[in-house]
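Quick setup: one chain, the form predicted on its own, written in structure tokens, and binding and motion questions come after.
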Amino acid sequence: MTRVLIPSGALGLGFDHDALMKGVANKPDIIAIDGGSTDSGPAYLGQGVSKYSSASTKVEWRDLLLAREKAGVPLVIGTAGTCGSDQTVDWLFDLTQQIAKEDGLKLTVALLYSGQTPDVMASAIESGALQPLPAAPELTIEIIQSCTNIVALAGAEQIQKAITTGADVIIAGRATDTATIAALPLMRGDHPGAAWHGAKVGECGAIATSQPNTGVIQIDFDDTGFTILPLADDTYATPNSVSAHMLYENSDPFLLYEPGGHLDVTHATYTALDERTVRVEGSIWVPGPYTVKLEGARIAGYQSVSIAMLRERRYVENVQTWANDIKVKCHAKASQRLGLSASDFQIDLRLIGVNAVLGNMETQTSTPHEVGVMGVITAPTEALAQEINKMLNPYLLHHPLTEEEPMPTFAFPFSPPEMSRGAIYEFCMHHILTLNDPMDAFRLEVRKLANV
């Protein structure tokens, strides 16, 4: 039997400290936590930075390092620093060094890097080792060369390799959400279907329980299944809450694809052992070719943003007509005065409080008492985006609904209203890479930290 303690769905989200200490007292074999995902878009991978603040991450990471010290078991994190780039692996290692020095910890740390070079990826295209997934964008060598960061998603095998180093702490780059949880149960011969299924249920901490924000759960894996127990007070799991998690971030509620095969839970059974604990059996692991998913991000342009506020009722009621007229006029002016073609830049006016989220798909028609108008300029350079945004400025401030009426004045909440967002990024890879050996696309380093 293998006991995995999962403190939270991601480092940076917070967790119940008392529940964590209960988990440590239950003598886990490993503490596993995820570090991030693609939920917040491509910018973090593009820049190679964390979504979460260093201060918040350091506080939570210190708690986990001290819990690991007390439990005497490995602590592993996957997708370190939100995006799992090589830079964020090093960033979290730097925080680990700081904590080790401040708290007198002596640690052996394994660093698993997932970063890929454009040259190697270009060779993989030419050799046929890199293949598109369904609905993947077009990928050329030129696009690959334009990527600022490319990562491969590690599976259980790469995490296992890091565990075998005997490291106290494993900081892994981009990895599947399940890999850090499934790795040790698979190493120890527990049921492979249960290992992957339990890892899927546990990837987001307590989200499969009655109190998702508490974070901390314990999963016991054995040779026939797994048992999940939430550790916060007055928190429980049910067959419904556990089985439903296969729907979470997954296109098929019965199948989950991972490096080296897929999980099939079609015939899984979910049994409440008591009012808090659920037992799952019947999951199947189906081996397949060893492939890892790739993620790449590149600069897609530069943006500048302005915000204006409208409260005058007639303008609020006709804000879409007003915004459409501004867009046409400003686009024409920018094209003429800057010598640009229509495809060289983009002007968007998003109506906050009307349809900024769903756009043309919005079905609600009630009239708000005020509207925020956000102008978003996208252009090939930061300077050009700012220049076009300054052309937009007088329209947002004074543009009338008709030529015959007096010039209105609206409100800018900031001065200057033009705010540069700098580079914006896009995901440009939705592909898999076939590997002869699971470590072919990854590298592992082991470093020792003395308590000095």
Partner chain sequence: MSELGDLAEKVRSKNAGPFWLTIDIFCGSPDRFAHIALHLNNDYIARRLAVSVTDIKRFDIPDLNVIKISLPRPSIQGTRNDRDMHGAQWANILAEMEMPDMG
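This is a predicted model, so every value here is computed, not measured. Numbering follows the first chain given and starts at 1.
Beyond what is shown, the protein has a form predicted together with its partner chain; the following relates to that form.
- The shortest heavy atom separation between residue 361 and its partner chain in the predicted complex is within 4.5 Å.
- Under a 4.5 angstroms non-hydrogen atom cutoff, its partner chain in the predicted complex lacks residue 333 among its neighbouring residues.
- With a 4.5 Å cutoff on heavy atoms, residue 94 does not count as touching its partner chain in the predicted complex; it lies far away.
- Mapping the unseen interface onto this chain, residue 40 counts among the residues with a heavy atom inside 4.5 Å of its partner chain in the predicted complex.
- The contact with its partner chain in the predicted complex, taken as any heavy atom within 4.5 Å, belongs to 251 out of 341, 140, 117, 251.
- Distance criterion of 4.5 Å from any heavy atom to its partner chain in the predicted complex singles out 378 from the list 227, 378, 235, 306.
- Residues with any non-hydrogen atom within 4.5 angstroms of its partner chain in the predicted complex fall in just one of 71-79, 276-284, 311-319, 361-369: 361-369.
- For the three residues 1, 17 and 188, a heavy atom within 4.5 Å of its partner chain turns up in the predicted complex in no case.
- Interface residues of 341-363, taken as those with a heavy atom within 4.5 Å of its partner chain in the predicted complex (partner not displayed): 346, 348, 350, 355, 356, 357, 358, 359, 361, 363, in sequence order.
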